[in-house]
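Coming up is one lone chain in structure tokens, specifically the form predicted alone.
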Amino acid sequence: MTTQQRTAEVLGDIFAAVNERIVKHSVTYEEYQSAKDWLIRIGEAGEWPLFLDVFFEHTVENLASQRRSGSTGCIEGPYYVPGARQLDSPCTLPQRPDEPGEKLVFSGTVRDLDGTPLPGSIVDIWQADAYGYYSHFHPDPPDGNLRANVRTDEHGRFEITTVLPAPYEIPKEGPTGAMIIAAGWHHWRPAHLHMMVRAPGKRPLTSQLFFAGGNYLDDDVAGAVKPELILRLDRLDGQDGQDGQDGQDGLDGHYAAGYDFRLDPV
């Protein structure tokens, strides 16, 4: 529904900025042709969602978050799959009988801006496994693995048993990965949980939650980490799993993390 005037203004500014940088860096015809070929390969490989979500979505999402009063949002990323299994809280995410990884109990409450619990809300959650692989996008985890639509209880609470996700590299084999290698950047994202939180009469919230002490929090390739989205990770035996850890390596036993969501009205 964008107007013709706004379309012209936004595109005009983007094209002007690109042309300005071409002049600034004295881009040669050989470099221009290489870039054009690379853009064509991005489309042929089906990597436009990956490329755009990694390098540009965080800027659009930051602008959207400025218009919220409730919980902080984060990027959706390219690995969401609709139609995950419906579960009531408390629950365990669908997983393999021998699912690798350390047990994690993730809990919290969904409320409105006044703090009123929202029973029957949906926490649509998905994550990578302990090796950094997402179901539907890697042959190892079966379809639907570590994905579910979890319904909160009569008090708006949820309790989800899962496993700690691992940091992961965005794919290196395609043109997006080739660009990152050519620039000398790293491919890593920190460990995180994804969720879309929905309730009748409320604006849906898309976010990610990270873990204190994890690797790549300060240099996420997608630039999506926000301090308010970093969770304290506690051992269920009462020991603190937050301090003195280099990523998730070396953590033994079961862990717990919590987060309360506040949803804006529609």
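This structure is a prediction, so every number in the text was calculated from the model and none was measured. Residue numbers here begin at 1 and follow the sequence given.
Omitted from view is the form predicted together with a small molecule, to which the following refers.
Undergrad: Looking in the predicted bound form, is the small molecule within 4.5 Å of a heavy atom from each of L87, C91 and R198?
TA: Spot residues vs the small molecule: no contact at all.
Undergrad: Heavy atoms within 4.5 Å of the small molecule in the predicted bound form: which of the stretches 49 to 57, 228 to 236, 64 to 72, 32 to 40 has them?
TA: Partner-contacting stretch among the options: 49 to 57.
Undergrad: Select from the listed residues G144, G177, G101, P78 the one whose heavy atoms reach within 4.5 Å of the small molecule in the predicted bound form.
TA: If I apply the 4.5 Å criterion carefully, the residue I get is P78.
Undergrad: Just to confirm, Y134 within 4.5 Å of the small molecule in the predicted bound form by heavy atoms?
TA: Yes, Y134 sits close enough to the small molecule in the predicted bound form that at least one of its heavy atoms falls within 4.5 Å.
Undergrad: Does the small molecule get within 4.5 angstroms of any non-hydrogen atom of R111 in the predicted bound form?
TA: Contact check for R111: no, nothing within 4.5 Å of the small molecule in the predicted bound form.
Undergrad: Answer for Y168 alone: is it within 4.5 Å of the small molecule in the predicted bound form, judged on heavy atom distances?
TA: Flag for Y168 set to yes.
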